[in-house]
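Only one chain comes next, encoded as structure tokens, the form predicted on its own.
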């Protein structure tokens, strides 16, 4: 089933900027010399983009933009939506028009589709692993420089939720902030007094003693860092619904179900964006 209705399109100017940067990197100063030398300038053709393995689709806006930036006259017929489950052999889109331009846009379109679909597919596995619990799977800021928006969109396509997009989104007081500020009290007194009523505040703790201290402040979320499930259960009981409980640190598919069973609200997983394998998506060429 498609999740497209739950996925707002990304700002087109952001998508096209990312795609244009990727195309510039690929084409350099002289363009696609191989296609220029092997394909007649006026040849028309059609291609199909298909999945070569099971997974979850993400990145269609980027793929469409890659062809459109190269040649706006190319016809792009989208057959699958972001968030759709894919099987090996499923046709995702058909594209037709000038053959040279189809081949010039191919690799950038597939790079975005494969990378983003890989993230969506891995996210979906984590979401499935915690089904039946209250826990939501969230991403982190451990993203590829320049591709954060694309990668976080892919997490949502896989059924996850987004954490902060950037440092200005919310206050997240971590261990280094606390250490440099001189302790939890020194850090949080300033935060609570100055963050403003529109800013969410989250604080990282790694012991139950720190958690007890933090709960005395008017914060919104506690980040329970690298706590084993038995300690997480105690932490959730201490929190007792007063703030959101987020578990983080070394989460993997083997451990996530046990973490979710402790009753936490969120589980953040850096591996969604920094360690997902590319989904194998290819392009097959048919002369028109």
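Since this is a predicted model, take the numbers as computed values, not measurements. Residue numbers count along the first chain shown, from 1.
The protein also exists as the form predicted together with a further copy of the same chain; that form is not presented, and the subsequent description refers to it.
Among the residues 80, 94, 128, 200, the one placing a heavy atom within 4.5 Å of a further copy of the same chain in the predicted complex is 200. a further copy of the same chain is not drawn, but in the predicted complex it has no heavy atom within 4.5 Å of residue 88. At a distance threshold of 4.5 angstroms between non-hydrogen atoms, residue 22 is in contact with a further copy of the same chain in the predicted complex.
Using a 4.5 Å cutoff between non-hydrogen atoms, residue 228 does not count as a contact of a further copy of the same chain in the predicted complex.
a further copy of the same chain in the predicted complex comes within 4.5 Å of no heavy atom belonging to residue 121. Annotation for 25-61: interface residues with a further copy of the same chain in the predicted complex are 25, 26, 27, 28, 29, 30, 31, 32, 33, 34, 35, 36, 37, 38, 39, 41, 43, 45 [heavy atom within 4.5 Å].
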